[in-house]
Structure formats: structure tokens, C-alpha cells
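Shown next as C-alpha cells: one chain only, the form predicted on its own.
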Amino acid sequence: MSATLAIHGGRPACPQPPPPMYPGGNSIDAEEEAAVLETLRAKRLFRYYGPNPGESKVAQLERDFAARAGVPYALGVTSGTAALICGLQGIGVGPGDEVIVPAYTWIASASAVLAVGAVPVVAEVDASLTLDPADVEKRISPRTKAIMPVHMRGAPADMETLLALAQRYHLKVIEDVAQANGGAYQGRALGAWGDVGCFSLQFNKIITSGEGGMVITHDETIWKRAVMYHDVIGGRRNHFASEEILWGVNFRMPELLAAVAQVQLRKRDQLLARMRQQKQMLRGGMAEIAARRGVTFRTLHDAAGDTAIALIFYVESAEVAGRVAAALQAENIDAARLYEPDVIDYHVYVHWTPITNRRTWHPAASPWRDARSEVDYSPAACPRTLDLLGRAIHLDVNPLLSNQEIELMLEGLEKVLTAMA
């Protein structure tokens, strides 16, 4: 291995860049193709009917998804954002309410809150890069209706503490599991801890159908409300009592998405097992150089339940993190600093400019109309989050890489950290 960093003209540790990080997308093969062709040949593209009899693919997916999560109810929808909106409607969040969301999450977590007329309130994350329960408690107000833990970068939030907090203040809990499909906390599936759990099947996610989402819950009332919201005649289709039927919109999952998602769901455990093995190799191989260089790893609230899609570590400063990330990229290692102040990234709350500037579709329906001066989205609102993200280096753990390629990554990591950290 060349001791000269690739960024300074040396030979890269890895001979070529890694494949794109689409765990489920890159695993698509003849199984998904056969499932799609079967659906097309049956001419049943809508879950409720078609020219030929047969069970809905969406209904099958809901049953399989619920069984794997250990819950009685699951609902297929069109996207992860739709899942969050239906979940929020399910737990009764609406105008005048506040929902506490992490300052580090994809903007859709906050946008879904706005979509039901409520106000997202950002709270700090801790070294796990998930909600810091102590800071969440400081943000609770008389308007707070729910807490939204987001299992960011595949790792579980501190659900035990957050649930205890929610119980103490009589709040609902809606889990955003978009990036952690198949993860667990203390042996229970993520999404099955809160009142409702919401998943994404968008192409970047662990398993995918291109788009799509799932809502899961233990509570029949929450499920019924979500069903009615996701389908304008969901109440009638499911024979709910006429006096309890509410109006809805259409977020119904198509049969073709469900056909692909069913196959992907069967592949999920194998994908997770491979990424967990790779992450163990990477972290174990980095342990000595990390200790020597003062590098610390992201806190994991439950290492066994981590989906292992990423290895994240912290260096001493944002300036060092920028140099380390650039050097690793030159070694053909898929690395990034998680917060660049001048690079727009909708995972970081200060870059949610449509929200931080309180833009709204119609001024009369602004969720902030009664709370404009009370909700802070400035950099001063969550300084610890910005500090952590600025010092955090993110490495994709790609299931397509061989053990030999992981070894080359480790050589590149040692070369860069020895020279720069």
C-alpha cells in the first residue's frame, strides 16, 4: 500500500469507487421480475379489484410485514411521507398541536407534521444521532401532542427512555423507520415500539419498490383512522360503522409496488446479515487506529438491533472532518461529512429553508399562525446537533462489497487517519 495519500498523488487504497449504496435496489433480480410479470398477467393493478379473481398483493404484503414486525395491523401506502401523514392522522395530530422531531432527519419528517396542520419543533440529537431524550423533555409545551423518534442511518433511538417520557407527559409516539427497516431495539422490531410506525420503500432505502410506504400499529383505532385517510372510501370498503367514517385522500399502494416489495421483504434479513458482518469487520479493524487517534464511534443504543447500513465516527473538529472526508474519497472510499454549512442538505434542520422561513401554501392555513414567535429553527436552536454532524464522518456499508474490498477500505482508513486525524 502506498503511504502517500491519494489526495496528494499516491495510489488509492481501493482501485475503484464502490457501487452505489442501494441495498435492496442492487439486489433486484429475476424474483422481482417474475412477481411483476405475474401481476401484469393477472391484469390486477389495483388492490381492490381486477378482471380476474385473486388475493391482492398489497394485502399479502401487509400481512407479511405485520407478521415480521410482530404487530396485528399494517397498511401499504404510496410513500414514506404518506405513511407519516397517515400515521399522524391515526394518532390524532392536527392544527394547534406540536410534534417534536429530531434536528437531524430528512425534511419529510417535519413536512408530514405540517401536512396535518401541526408545528414541528426541533430537538437535539445525541452522539447516537437520534433524539436526545433530555432535550426532548425541555421542548415539551402545553401544545405538544407527539414525539417522533427517527432511527437515523439505520440505528435505533433510545426508545425505552423516550417512551417513558411520552407516558409521563401523556404524549403519542410516532416512529419514523424510513432508514432502519428490519432494525430492532431490545429484540422488538423498530416501528412496533410507539403508537404507530412508518416505513419508506423509496429506492435509497434498505428494501425498495422504487416508492411506497408502510404504516404499522398495535392499535385498531389508529389503523382504522389511517385506513380512512389513505383511501377516500376506506371506511366503506372495510365496513366501518357509518357514524365513525371520516373523509380521506388517496395514498393507496398499487399492486405492482407491492409485488416488488414482497420479494424485497424476503431478502431483507440476508441483506442485513451481510451489512452487519461487514460493519463488524470495519469497526473491529478500525479499533486500534481509532483509539490511537482519538476517534470515537457513534453511540449505539442497541448494537444488535442496528441495521448496519453505515459506520459513523467523530473526529476532533469540523475542519479535520472535512479534510478526512476528502482524503477518504480520494482513496475511493464512500465517505462524507454529515454537515457542511454551505452545502444544502435536507437532512439537517438549518437547511429546511421552506420550513425555517415559515413559508406556507396559504397564509390563512399556516400551522405557525399561533406559534410564530415560539418555535426556533435558527442555528442556535440545536447547536450540539450541528457540532456532532460537523465532526461526523459517514461511511456506507455496502452489501455488494467483498471481504477483500472491506480489507482495502480498512487500509485506506488507516492511511488517512494516521496522516490526518
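The first residue of the shown sequence is 1; numbering continues from there. Keep in mind that this is a model prediction, so the values were computed, not measured.
Here the subject shifts to the form predicted together with a small molecule, a form of this protein not shown in this document.
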For this session: Given that the partner is absent here, state which listed stretch (156-164, 268-276, 319-327, 103-111) has heavy atoms within 4.5 Å of the small molecule in the predicted complex.
Result: 103-111
For this session: Would you mind picking the one in Leu75, Ile147, Leu190, Leu84 that has a heavy atom within 4.5 Å of the small molecule in the predicted complex?
Result: Leu84
Seminar exercise, completed: Exactly one of Ile207, Ile333, Met152, Leu311 comes within 4.5 Å of the small molecule in the predicted complex through a heavy atom, and that residue is Met152
Exercise. Looking at the partner-bound form in the predicted complex, is Gly194 within 4.5 Å of the small molecule by any heavy atom?
Worked result: no
Exercise. Going by a heavy atom distance of 4.5 Å, is Gln262 a contact of the small molecule in the predicted complex?
Worked result: no
Exercise. Would Ser79 show up as a contact with the small molecule in the predicted complex if we use heavy atoms at 4.5 Å?
Worked result: yes
Problem set entry | Partner proximity in the predicted complex: Ser200 to the small molecule, non-hydrogen atom cutoff 4.5 Å | yes
